[in-house]
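Given as structure tokens, the chain that follows is alone and in the form predicted on its own.
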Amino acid sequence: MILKFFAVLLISAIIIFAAFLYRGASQLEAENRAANGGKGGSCSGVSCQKCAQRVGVVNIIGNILMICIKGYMGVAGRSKGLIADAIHSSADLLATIIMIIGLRISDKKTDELYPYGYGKAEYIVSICIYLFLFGIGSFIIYNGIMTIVEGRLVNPCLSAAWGAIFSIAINELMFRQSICAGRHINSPSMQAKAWESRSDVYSSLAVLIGIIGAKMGFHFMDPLAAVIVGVIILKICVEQVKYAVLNLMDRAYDEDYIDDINKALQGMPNIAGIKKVIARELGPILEFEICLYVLPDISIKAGESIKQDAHNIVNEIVDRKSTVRVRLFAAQQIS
């Protein structure tokens, strides 16, 4: 009786949580339309910031609910796949906490010790998240394979399928919120967390298929679903660690911004040419270095004016938080 009451309580909490997410999305959409004169369009800065501030809390609450519902239904329903999915959600909860810590660190202002800021802390946090998940995924794969190889009989209850269904719905809502906010505030760790929620959607779908297959007599399908969950986790881990490592190594930014800035700079007066325009990502901040050739007898005042014009060009073209460093070189240095 107590267990049934606990299950009903969990399901009610999940339904209320889903309604909260939907209501929050509707409110932000209304604010966005108001900011754009009722025409919709891209998100306003205010609505994006509100959404981003809620991501951490929403993910913590959502993952706690997912751990409880999938853990309870996985054990009660004897589903290895759903138990593995509950472990995945436990890792997601830890990842969310680490993400919040990383955002707080990267948002610190520059100081004498770190004159370029703390933006790269987000990449370090992302690597920590995914290395931890890599270990979790490896264990899930090993356990699932051993269950199949040893021929252990796995016959989950059909009620366990509800845990997977709830997980698919909630994690898809959390993914859409996190990826939207992460892209608009340019947060690598928030986007990393979003893709973890999307991986939970895929893994829960695999678990649902595994449970149904096992009930149809294909008992290997439930542990196979657990293996698929592990493979999905490992794939995302490898991709995201690679992305974070490349940005820690200051990989050149290859978006269209660079070409657009080059074209705009060519139309500037008082410059003799463009030496280079490069950029790198520092967490949520995009840092540009612009090197221009100018006439050798130019005044300091004119030089400062050129720098300011270059700053203005970047600010007009780039739609994300950025810093610009402009360096001037005498034209006779052209080789």
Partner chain sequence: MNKLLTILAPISVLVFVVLLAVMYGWVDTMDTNMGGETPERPELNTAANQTQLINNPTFPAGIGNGQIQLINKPTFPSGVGNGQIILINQPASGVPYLGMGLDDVPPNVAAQLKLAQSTGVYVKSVAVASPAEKAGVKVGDVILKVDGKNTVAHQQVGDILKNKKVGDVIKLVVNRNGVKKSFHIKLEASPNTTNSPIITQQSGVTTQQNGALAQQNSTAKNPFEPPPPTAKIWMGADIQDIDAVMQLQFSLPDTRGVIVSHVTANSPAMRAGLETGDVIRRFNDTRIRDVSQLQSLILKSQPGKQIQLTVLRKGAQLNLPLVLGEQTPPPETIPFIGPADIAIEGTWIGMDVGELTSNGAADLGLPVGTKGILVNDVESPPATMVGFITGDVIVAVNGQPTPDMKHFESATQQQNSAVVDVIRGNKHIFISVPPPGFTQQGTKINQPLDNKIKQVAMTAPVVQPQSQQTMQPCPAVTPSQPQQLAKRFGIFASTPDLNSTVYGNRFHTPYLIMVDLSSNSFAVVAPSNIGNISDTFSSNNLAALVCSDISKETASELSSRGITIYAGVIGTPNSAINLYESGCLTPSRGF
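What you see is a predicted model; the values in this text were computed from it and never measured. Between two forms, the rigid core is the largest collection of C-alphas that superpose within 1.5 Å. Residue numbers count along the first chain shown, from 1.
Unshown form predicted together with the partner chain; subsequent notes refer to it.
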query = So in the predicted bound form, does Asn247 come within 4.5 Å of the partner chain, heavy atom to heavy atom?
reply = no
message = Is it the case that Ile236, even though its partner is missing from this view, gets within 4.5 Å of the partner chain in the predicted bound form, heavy atoms only?
response = no
query = So in the predicted bound form, does Ala84 come within 4.5 Å of the partner chain, heavy atom to heavy atom?
reply = yes
query = Hey, in the predicted bound form, does Gly71 get a heavy atom within 4.5 angstroms of the partner chain?
reply = yes
key: in the predicted bound form, the one of Leu205, Leu93, Ile258, Ile127 near the partner chain [non-hydrogen atom within 4.5 angstroms]   = Leu93
query = Which listed residue (Met174, Ala192, Ile140, Ile211) meets the criterion of a heavy atom within 4.5 Å of the partner chain in the predicted bound form?
reply = Ile140
query = Counting only heavy atoms and a 4.5 Å cutoff, which of 261 to 269, 147 to 155, 114 to 122, 238 to 246 contacts the partner chain in the predicted bound form?
reply = 147 to 155
key: Those residues of 236 to 251 which, in the predicted bound form, come within 4.5 Å of the partner chain by heavy atom   = none
query = Is the C-alpha displacement of Ile69 equal to or greater than 2 Å between this form and the one not shown once the rigid core has been superposed?
reply = yes
key: Flag for Ile87, CA shift 2 Å or larger between this form and the one not shown after aligning core   = yes
ask   = Val154: CA shift of at least 2 Å between this form and the one not shown after core fit?
value = yes
